[in-house]
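For reference, the chain that follows is the form predicted alone, supplied as structure tokens.
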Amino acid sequence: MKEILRSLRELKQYPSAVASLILILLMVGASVYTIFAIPYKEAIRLWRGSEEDWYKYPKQAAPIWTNLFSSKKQPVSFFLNSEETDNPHVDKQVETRADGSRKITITYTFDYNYDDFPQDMALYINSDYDSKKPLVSVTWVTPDERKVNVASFSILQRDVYRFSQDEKLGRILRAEPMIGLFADPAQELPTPLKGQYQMIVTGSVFEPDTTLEVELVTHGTLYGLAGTDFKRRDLMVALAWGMPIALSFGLLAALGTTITTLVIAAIGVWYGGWVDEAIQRITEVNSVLPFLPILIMIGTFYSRSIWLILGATILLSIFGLGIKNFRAIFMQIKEMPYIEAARSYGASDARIILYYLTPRVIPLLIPQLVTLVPTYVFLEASLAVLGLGDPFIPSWGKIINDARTNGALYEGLYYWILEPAALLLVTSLAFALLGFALDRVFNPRLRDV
């Protein structure tokens, strides 16, 4: 153990290893934060939820940071709710009339400084009346003080008014609603008029306990740090949860494979005879089995559970060619004097295998284990890209598969594929660089290579 700790301290000589280690620790920290910030069941519910869970979000909206790389500023999605009494962009006034009815005026004020038109706007209205339906009217005020009477209607207890679907409003504006509401009348071509806009929602309620709450949702072409997909889902949920899933799968598969392979090789060398022969024959048969096609068959015909795939991966990997490498090392260790000494004082076979044989190989095992992690991370992502990932879990591979099947490349939605692909590459690069540095530390013959 002291030798291992001393070797690990030598990592300071390799800047790439230090940077990779810091990056891996950051990913582990982000994974832990994700698990607590978005519990597993909540993440599954959100990712598999209906459109009602994501009604606020625009479809296929790019991340907001894309505006940094474009001279034409795209509109960012935003939400304003009348229940947010401390929001300076929302003003709610209640006036009681002489006949006992009440007038509720909700004014939304916001700046619009973008070079394109939003996808849509919608009002989500909630009211708890008993029998008399409230009446609502909507007025639009532009920066140049033009007023547009958008609509007047009675509402249900849960109601939605979508501006883009109002054909009457389109006829009034003589254009598509989103263009007509934001267009600069002084421009020949449709161009957004920049400045401060107001939307005034006036409601009349006729029962003493009736409430009226309205939420303004503006669907721009950009949203959040990761954007959205074809189901309006925030990709940040899958990108965040994809990290603990990728790390867990990669680490568990690498640990399960390398440690089990090490122990099996030690058992074969120690007992020899038919035990060693059986292990070698199984290894040779396993080495010619098609690894990925077998996993594809399991996912297609049996189950796509990530735990089943993980178990099958370990089972198919433990009798890999690494057993022969470990066997060659153990054959030398078996003949060393301290092994004979352990035999002479009556140490059991299990004790010799676990306490005398395998610890000598751990310095060679650590670099191999670290470099195996990205292999299994890419394996899980590859299965998900092929449509064989766990259907219940949001992961990086699932994002790429959704993007591929929904024409992200053809529609120019490159962020949808590049974000998970970049995280996969960074994760793999971090483990690979650390593994190469560890190999040099634990194998002095490689230091001058």
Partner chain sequence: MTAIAQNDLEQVESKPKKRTASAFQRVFKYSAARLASLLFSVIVAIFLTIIIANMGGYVDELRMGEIRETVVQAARANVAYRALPPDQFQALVETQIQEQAHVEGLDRPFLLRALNYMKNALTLNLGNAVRMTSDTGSKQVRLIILERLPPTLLLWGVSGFLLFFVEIGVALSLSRQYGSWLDKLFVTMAPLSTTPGWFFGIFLILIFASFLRVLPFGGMVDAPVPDNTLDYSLSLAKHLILPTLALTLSQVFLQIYNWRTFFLIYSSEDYVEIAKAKGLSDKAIERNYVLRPTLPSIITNFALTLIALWLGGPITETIFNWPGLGRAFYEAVQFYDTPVILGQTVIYAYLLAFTVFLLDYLYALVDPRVKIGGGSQP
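Positions refer to the first chain, counted from 1. The model shown is predicted, which means the values in this text are computed figures rather than measured ones.
Although not depicted, the form predicted in complex with its partner chain is the subject of the following passage.
>> Tell me which stretch of 366 to 374, 245 to 253, 68 to 76, 230 to 238 has a heavy atom within 4.5 angstroms of its partner chain in the predicted bound form.
In response: Only one stretch passes the 4.5 Å heavy-atom test: 366 to 374.
>> Just to be sure I understand the contacts: of 346, 293, 337, 100, which is the one whose heavy atoms reach within 4.5 angstroms of its partner chain in the predicted bound form?
In response: None of the others qualify; the residue that does is 293.
>> So its partner chain isn't shown here. In the predicted bound form, which residue out of 213, 284, 128, 116 has a non-hydrogen atom within 4.5 Å of it?
In response: So the residue touching its partner chain in the predicted bound form, by this definition, is 284.
> Can residue 414 be called a contact residue for its partner chain in the predicted bound form at 4.5 Å between heavy atoms?
Replying inline: Residue 414: contacts its partner chain in the predicted bound form.
> Looking in the predicted bound form, any heavy atom of residue 138 within 4.5 Å of its partner chain?
Replying inline: No, residue 138 stays farther than 4.5 Å from its partner chain in the predicted bound form.
> Would residue 410 show up as a contact with its partner chain in the predicted bound form if we use heavy atoms at 4.5 Å?
Replying inline: Taking the distances in the predicted bound form, the answer for residue 410 is yes, it comes within 4.5 Å of its partner chain.
> residue 152 near its partner chain in the predicted bound form, any heavy atom under 4.5 Å?
Replying inline: Contact check for residue 152: no, nothing within 4.5 Å of its partner chain in the predicted bound form.
> Hey, which residues along 61 to 80 are within 4.5 angstroms of its partner chain in the predicted bound form, non-hydrogen atoms only?
Replying inline: Residues within 4.5 Å: none in this stretch.
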